[in-house]
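In structure tokens, the next block holds one chain alone, the form predicted on its own.
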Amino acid sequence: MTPPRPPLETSPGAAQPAPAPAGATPSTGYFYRFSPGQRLLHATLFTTFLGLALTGLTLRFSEARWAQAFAQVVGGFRAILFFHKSLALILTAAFLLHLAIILRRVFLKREFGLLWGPNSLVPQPKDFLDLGSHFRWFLGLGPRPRFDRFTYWEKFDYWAVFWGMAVIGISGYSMWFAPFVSRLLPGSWLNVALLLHGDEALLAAWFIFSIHFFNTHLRPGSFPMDTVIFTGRLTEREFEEKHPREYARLKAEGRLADLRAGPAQPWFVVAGKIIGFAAIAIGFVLLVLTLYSFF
């Protein structure tokens, strides 16, 4: 969720890059990609999203047998609603913190590269060119595009979440605080909010549990699990293959060594994979159940 800092920056308290081991090869060297703070925000995002999806879809399809069975296990639909609202508060706090970090970096630290350039998540002309080049590569009509720090689908994922947070959040809080909102807006807005909240949340869940999971973990080159969001680092071979333009730029500028990292602890990698596979499994189960209930 949080856009990573430019390559030369690290978060306060982050571990210092380890010196490159002697005789390191492109497959054994490691480089930092995400800071501890960014990984923590992402962990908060995906855990609360899973919880919100589970509780929200249970409420959305409350007449389905699976929803009634789940609600009975956790104490009824009133308990489901309590957990849903509690998770919404946590996710809202994380989202506001994310916005505060961006505003601080742009307006106080004057990191305008967040708004445009190779380290920005803002869509740029090259992203549309990469999209066309990628489709031509899929069809064997051209070379594979050389991606920079962020690919076009990573930017799409980011802004889809950003848009979803605004629509789902505003509509959800409107229903939560309906008496107050009805003093400011016509009562018909609450009907609109109900439709927006349910349909946008359903769309978000289906997108995350299918497209995002595939793009991140299940596509060739990442299957069966991309652990970079858990460990914060990737191998030099992965760096050069997945983000060749960033790799070449940093190497030409002599800044590549600043991102050098040691390998993550084995237990940490295993824990990341367990958490990741559990999230994918829960997502796929919810995808199947909601598709069955919807159609």
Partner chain sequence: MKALRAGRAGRGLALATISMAWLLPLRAQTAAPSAAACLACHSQPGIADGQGRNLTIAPASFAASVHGALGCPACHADIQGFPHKLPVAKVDCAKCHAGEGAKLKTSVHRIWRAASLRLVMRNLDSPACLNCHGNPHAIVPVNNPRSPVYPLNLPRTCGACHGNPQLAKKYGLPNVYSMYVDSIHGMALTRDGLLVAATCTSCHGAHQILSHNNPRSPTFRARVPATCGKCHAGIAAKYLRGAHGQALRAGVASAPVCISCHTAHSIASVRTTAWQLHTTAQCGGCHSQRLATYRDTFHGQVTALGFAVTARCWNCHRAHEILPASNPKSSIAPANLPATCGQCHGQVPRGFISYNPHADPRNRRRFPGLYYTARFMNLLLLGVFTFFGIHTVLWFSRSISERTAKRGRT
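Numbering follows the first chain given and starts at 1. Bear in mind the structure is a predicted one, so any value in this text is a computation, not a measurement.
Absent from the display: the form predicted in complex with the partner chain. The rest refers to it.
*Asks:* Does the partner chain, in the model of the complex, lie within 4.5 angstroms of each residue among Ser188, Leu194 and Trp206, using heavy atoms as the measure?
*Replies:* The answer is yes: all three residues contact the partner (heavy atom, 4.5 Å cut-off).
*Asks:* Which of Phe95, Phe150, Phe77, Tyr173 has a heavy atom within 4.5 Å of the partner chain in the model of the complex?
*Replies:* Only one option qualifies, and that one is Phe77.
*Asks:* Only one of Val161, Leu114, Ala71, Leu87 has a non-hydrogen atom within 4.5 angstroms of the partner chain in the model of the complex; which is it?
*Replies:* Of the listed residues, the single hit is Ala71.
*Asks:* Just to confirm the contact call: exactly one of 262 to 270, 53 to 61, 244 to 252, 40 to 48 touches the partner chain in the model of the complex at a 4.5 Å heavy atom cutoff, so which is it?
*Replies:* The contacting stretch is 53 to 61.
*Asks:* Report whether the minimum heavy atom distance between Glu200 and the partner chain in the model of the complex is within 4.5 Å.
*Replies:* Residue-level check for Glu200: yes, a contact with the partner chain.
*Asks:* Hey, in the model of the complex, is Leu129 touching the partner chain, heavy atoms inside 4.5 Å?
*Replies:* Contact with the partner chain, no.
*Asks:* Is it the case that Arg219, even though its partner is missing from this view, gets within 4.5 Å of the partner chain in the model of the complex, heavy atoms only?
*Replies:* Looking in the model of the complex, residue contacts with the partner chain include Arg219, since a heavy atom lies within 4.5 Å.
*Asks:* With a 4.5 Å heavy atom cut-off, would you call His134 a contact of the partner chain in the model of the complex?
*Replies:* Taking the distances in the model of the complex, the answer for His134 is yes, it comes within 4.5 Å of the partner chain.
*Asks:* Going by heavy atoms, what in 209 to 227 lies within 4.5 angstroms of the partner chain in the model of the complex?
*Replies:* Stretch hits, in order: Ser210, Ile211, Phe214, Asn215, Arg219, Pro220, Gly221.
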